[in-house]
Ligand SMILES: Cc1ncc(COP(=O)(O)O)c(C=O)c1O
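Only one chain is given next, in structure tokens, and it is the form predicted alone.
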């Protein structure tokens, strides 16, 4: 039996949010009640119109392959929706539908990266970005963002354009940015995006949390920068459709789309037919679900941030969007993995270690807002008791 594996498999690091979840599930099988604040999983149900459209499609026999680029009706609906949100005209011929945003990342990085290429990643970052880059033979180069505000007009965790410029090399192939970001909830300003575009580096923009914004905030799209940009987006977060596995890429031009299309034909064939029908329904009737989630997340943000600060955590920059709070836990333990698993074992509360989001996140913990208010309150009480801060 083969006892070694390809190097590309060895460079994939464990996804600690999933490691926490899997240990929590073991404990639940032993009868322990766990409070889950670790995953990016909306607690809302998908829009009713989505479920109905999915059922109709199954009943109608829409269970076969589609065009590898996606149903033409869905691509047109995505282009119209993104044009509205980004305030930039989007051509449906630049849209490729994928089975979730993760396959979209694999296709884009597979198209852009040659062995030895470098990809700049502002950090703290979504854990899978560097894994995709390494899997495709590239080298991630991390650029730290500061949790404090750079100026009076900006919130924390803004990307330092000068630091990106210094990190650039002749081998730089792309810059990855998420806005709103996971885990920080930061939104990059239009000025920051324009300055990054002026560096002449192709942008890979993860905009999956767009639409989940607080206090009337607006998240400028990288599509408005004028630079070559590959936009990753999907339905999981905005419409509580994580299990549907439906995402998309907006490519810079038709030649780029064709490259991804050929890759998709061999690697994934197409997204599920009936799920694409559900996507069309989400775009036409999912707004009430999105708005209700934003209202709930904004309320829970206050509850969670105030509660964590009262316990002694530092939250220098509350999130502007998404559904996470990233909190400095170094007052309790500088080893975030050890602290997270300690809270799981002793408080029975699942949270994500900050080191999952890179070295810049070590000593921090990520908490999700996608849990009911009562569960957040109970989790805070349990954590407080475990840390000797409880009442």
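Numbering follows the first chain given and starts at 1. All values derive from a computational prediction rather than experimental measurement.
Just so it is clear, the following notes concern the form predicted together with the named molecule, a form of the same protein that is not shown.
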- Note on the structure: With the partner omitted here, the residue among 209, 230, 157, 297 that in the predicted bound form has a heavy atom within 4.5 Å of the named molecule is 209
- Interface check vs the named molecule in the predicted bound form: of 182, 276, 221, 188, the one with a heavy atom inside 4.5 Å is 182
- Message: How about residue 271 - does it come within 4.5 Å of the named molecule in the predicted bound form, if we only consider non-hydrogen atoms?
- Response: no
- Exercise: residue 85 in contact with the named molecule in the predicted bound form, heavy atom 4.5 Å: no
- Counting only non-hydrogen atoms and a 4.5 angstroms cut-off, does residue 301 reach the named molecule in the predicted bound form? no
- Task: Tell me, yes or no, whether residue 109 is in contact with the named molecule in the predicted bound form, where a contact means a heavy atom of each within 4.5 Å.
- Result: no
- Item | Listed range touching the named molecule, judged in the predicted bound form by heavy atoms within 4.5 Å, from 302 to 310, 68 to 76, 98 to 106, 195 to 203 | 98 to 106
- Looking in the predicted bound form, the residues of 210 to 246 with a heavy atom no more than 4.5 Å from the named molecule, listed in order, are 236, 237, 245
